[in-house]
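Below you will find one chain, with nothing else, as structure tokens; this is the form predicted on its own, and questions on how it binds or moves follow later.
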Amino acid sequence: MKKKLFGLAAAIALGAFVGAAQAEEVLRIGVEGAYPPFSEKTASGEVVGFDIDIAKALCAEMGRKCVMVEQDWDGMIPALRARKFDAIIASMSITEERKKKVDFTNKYYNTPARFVARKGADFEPTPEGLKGKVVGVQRGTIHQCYMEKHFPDVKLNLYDTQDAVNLDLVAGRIDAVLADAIALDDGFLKTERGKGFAFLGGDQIDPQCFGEGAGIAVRKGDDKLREAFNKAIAAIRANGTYKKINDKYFAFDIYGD
């Protein structure tokens, strides 16, 4: 009887160990699904895009199983801190303000911000040129920071998703939008809805608001996971996986300098 009990206890312990190991292999990734071409949902409800492919490549490099967890943008950091998922891979820019709440990996890409308005717009993207105009940005983004800092006389409309910003631009409810240049180009200007619109001015620069590029956010103090991601980012850059994903979506390397 004692041998049987010992065998049963050993089996339970082994099962618990295996279960814990399997749980460790599953990595929950917070994604948005509303920011093409970085992340968007297909008609069947699948989340796809550059961020998603990068997340899968990083997990494969780390030997971890990925589970994508959809989350509205303005709830991303609270959901991470509440342990709804383990990391955020959602084009989140590395800024000093966000570093107060989460830790970041090295960047995995860095692209500029630009304005878009109707072709032939009779105003310039300057504080004087946009005075009294209505500009739309996604709520809780680096672009909201930039507009509030540099354009105090603009009427700023905030939206939950970038798609909602673009829709109001098409409808004529706002005069311009500010967002990531690649997201605006591939996700709007090159689409049917984007006909009749164009970039207004050049790249907008402000390291304080725009940060150091897009990184992967993890919970404060989760150094092991952060470093594992850093090693994986370097690895897929070196072995050609990053380039393959990049070239699927873009005509140039968006990793940046």
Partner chain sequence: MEFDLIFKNIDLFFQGTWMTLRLLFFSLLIGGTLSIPLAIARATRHRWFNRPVWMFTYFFRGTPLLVQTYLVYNGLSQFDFIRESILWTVLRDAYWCALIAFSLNTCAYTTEILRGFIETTPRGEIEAARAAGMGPWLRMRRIILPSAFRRALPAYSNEVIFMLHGSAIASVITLMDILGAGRTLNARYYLAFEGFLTSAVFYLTITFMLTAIFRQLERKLNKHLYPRIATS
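Positions refer to the first chain, counted from 1. Quick caveat, the model's predicted, so the values are computed rather than measured.
Separately, the form predicted in complex with its partner chain exists; it is not shown, and the next lines address it.
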Looking at the partner-bound form in the predicted complex, is residue 180 within 4.5 Å of its partner chain by any heavy atom?
no
Does at least one non-hydrogen atom of residue 140 fall within 4.5 angstroms of its partner chain in the predicted complex?
yes
Considering only heavy atoms, tell me if residue 84 and its partner chain come within 4.5 Å of each other in the predicted complex.
no
Considering only heavy atoms, tell me if residue 167 and its partner chain come within 4.5 Å of each other in the predicted complex.
yes
Assert contact_stretch over 181 to 189, 120 to 128, 107 to 115, 70 to 78 against its partner chain in the predicted complex, heavy atom within 4.5 Å, equals 70 to 78
Using heavy atoms and a 4.5 Å cut-off, decide whether 98, 148 and 159 all contact its partner chain in the predicted complex.
yes
Give, in sequence order, every residue of 170 to 186 that has a heavy atom within 4.5 Å of its partner chain in the predicted complex, or say none if there are no such residues.
170, 171, 172, 173, 175
